[in-house]
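Just the one chain here, laid out as structure tokens, in the form predicted on its own.
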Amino acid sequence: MQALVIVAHGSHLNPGASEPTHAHADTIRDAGAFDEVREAFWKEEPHFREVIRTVEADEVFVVPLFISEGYFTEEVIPRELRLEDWDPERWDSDGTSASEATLEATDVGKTVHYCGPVGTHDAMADVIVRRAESVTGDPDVGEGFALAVVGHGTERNENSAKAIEYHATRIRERGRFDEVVSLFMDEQPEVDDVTDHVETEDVVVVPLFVADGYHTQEDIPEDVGLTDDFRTGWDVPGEVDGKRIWYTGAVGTEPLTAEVVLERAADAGADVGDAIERVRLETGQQTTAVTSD
């Protein structure tokens, strides 16, 4: 038997913070790749500390639904899961290349494959592009558009910016969009100045966050200039400095993120069968349904 555990931050203040985690878990359950699929959170129940002890399978794949490598993925989650002999060096990562480490939860006799965060997996670039397709309603969106990938950024964790720049670079190299830029809330270049950093008239702004909350639904729309007061809402697209801004909200709410979770587990040795293809097909249909309204 094999189990999948998706671990995320959650929130005591924002009831919607856990919604993407539950949605992706449901999608993966429906795909039938695992005997058990569980969710666990830092700020909600069920908690990290108990989740491994509630699964029946002897082999458990743990996938962090986090954007970057850092304090939570390298310290908090392994500590709370009580993984024996954990050390971040086992990932041998440069900040964006964490893959997996096989460890033991000896108190319950389980083998745990601890995976790198979803946000740094190569497949996340496809999710970012899918966000652009979803918000514009155009599966071929690219020509005549700029793409701005937005992250929090922080001087306390250089890996926060690395994840944003990594995906922006990979998408830029595909040549699909006229321009691709990486912008930040707390570092330069700042998202406040998005119209100064692109020449293209149409700009898709994709925040690389797991869930919609204070930053994606309040700070960024106001910082970009889509609205003076987030409580009044904003238009999509919205006019800012003579450009059309297509604001998508958090990338982690895109249904295709479930595929990235599966990719992480598969890279760690999970037998997922045809689940990845099934999820890609299913989430593609969901996106079509949303954008055709």
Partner chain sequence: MSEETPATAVEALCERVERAGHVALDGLRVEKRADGYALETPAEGADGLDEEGLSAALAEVPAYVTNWHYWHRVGGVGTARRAFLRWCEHAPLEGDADNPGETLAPPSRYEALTDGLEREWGQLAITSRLAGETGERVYEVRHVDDAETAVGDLERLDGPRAARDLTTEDDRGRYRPLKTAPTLVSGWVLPHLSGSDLLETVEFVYPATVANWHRERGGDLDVDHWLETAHRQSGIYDVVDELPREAVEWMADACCVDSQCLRRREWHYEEDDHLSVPGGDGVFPCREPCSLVIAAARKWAILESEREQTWTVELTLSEKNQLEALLEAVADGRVDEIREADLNDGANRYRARYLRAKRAAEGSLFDETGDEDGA
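Positions refer to the first chain, counted from 1. Here the structure is a predicted model, which means the values were calculated and not measured.
Not on display, but discussed next: the form predicted in complex with the partner chain.
When the partner chain is considered in the predicted complex, Pro237 lies well away from it, no heavy atom lying within 4.5 Å.
The shortest heavy atom separation between Asp58 and the partner chain in the predicted complex exceeds 4.5 Å. Within this chain, Pro46 lines the site of the partner chain in the predicted complex, having a heavy atom no more than 4.5 Å away. The closest non-hydrogen atom of Arg82 lies within 4.5 Å of the partner chain in the predicted complex. With the partner chain left out of view, the stretch that reaches within 4.5 Å of it through heavy atoms in the predicted complex is, among 87 to 95, 142 to 150, 212 to 220, 106 to 114, 106 to 114. Three-residue candidate spot Tyr166, Glu190 and Thr248; no residue lies within 4.5 angstroms of the partner chain in the predicted complex by any non-hydrogen atom.
Shown here without the partner chain, the chain has Asp26, Arg29, Asp30, Arg38, Glu39, Trp42, Lys43, Glu44, Glu45, Pro46, His47, Arg49, Glu50, Arg53, Thr54, Glu56 in 25 to 61 lying with a heavy atom within 4.5 Å of that partner in the predicted complex.
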